[in-house]
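What follows is a single chain, given as structure tokens, in the form predicted on its own.
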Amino acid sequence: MPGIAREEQGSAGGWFDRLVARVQGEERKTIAVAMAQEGHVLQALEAARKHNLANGILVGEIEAIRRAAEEVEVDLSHFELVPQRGEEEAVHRAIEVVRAKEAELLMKGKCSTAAFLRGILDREKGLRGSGLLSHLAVFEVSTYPKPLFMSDAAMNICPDLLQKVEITKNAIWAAHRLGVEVPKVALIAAAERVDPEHMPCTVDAAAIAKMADRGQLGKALVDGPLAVDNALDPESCRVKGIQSAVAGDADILIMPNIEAGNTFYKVMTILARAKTAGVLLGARVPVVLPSRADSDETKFLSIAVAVALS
């Protein structure tokens, strides 16, 4: 699929709208949902169907799915229902649907994240890819002039240097697929100076930036360590005398650990009111991995991003 056209500098508004419009012109995908008995998930799937993005195969307890659909007024006649009781059983059944090529995408429903990930990572029956699984968030917020990608808020708790390299590669790949030809990647820390004694993550950031300089990460500009203000605010860079092709204009933020990533994600969604999508990268197919607290809009936009990546 051709990349999604990038937002012009000066306004982030409408990037997700253009993403949806673009993938509407592509072949409709099918998404298998593990434990689909959740209202916001069903609303998101109905929106994806109406926008010609994806059909849904709903795996789970049929009566529970029907009750959830009635509560949110979703007509189940448009979806295929696959009966399966039990959390782990529903996860494995949804994965079987994908492995049988009856669906191109996988989505978490009401099941726990732990059970969902165990199913994906199963060496014999799962969807494990050749690399590291990592979570990618995409934000559209009025205070930033373009879409902002961030990793990892949900998968890798305390990644080491090699895992951060894989997280960065996954994010760069996704940005390319979503239309960012040469993404600017900021490796985030609490400060922009390398401090081996007090902040080991700054050493990782400097190493990854040098790897990128030598062409080891693909087509991207990578710099770090950078604090969040250095990564996103040109005025902060001017005041601090930071000169960088990435600083003040980042497309991708790579967080040092899950605490930083998860906190940033929730600040963006709750305080900044950003439009948000979240997907899991590195499996055999794109995976929609919503939080239980995510709105139906976030879940719909996550489906749209997964479709664009497939």
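Heads up: residue numbers just count along the shown sequence, starting at 1. Just so it is clear, the model here is predicted, and its values are computed rather than measured.
Unshown form predicted in complex with ligand COD; subsequent notes refer to it.
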Heavy atoms within 4.5 Å of ligand COD in the predicted complex: does Asn262 have any?
yes
Ligand COD contact in the predicted complex: Leu105, any heavy atom under 4.5 Å:
no
So in the predicted complex, is ligand COD close enough to Ala100 to count as touching (4.5 Å, heavy atoms)?
no
So, in the predicted complex, is Ala47 in contact with ligand COD at a 4.5 angstroms heavy atom limit?
no
In the predicted complex, the residue from Ile208, Ala153, Ala175, Ile188 with a non-hydrogen atom within 4.5 Å of ligand COD is Ala153
Identify which of Pro234, Gly131, Gly218, Pro83 has a heavy atom within 4.5 Å of ligand COD in the predicted complex; exactly one of them does.
Gly131
Please determine, with the chain shown alone, which of 140-148, 188-196, 86-94, 123-131 has non-hydrogen atoms within 4.5 Å of ligand COD in the predicted complex.
123-131
Using a 4.5 Å cut-off on heavy atoms, what residues in 208-232 are near ligand COD in the predicted complex?
none
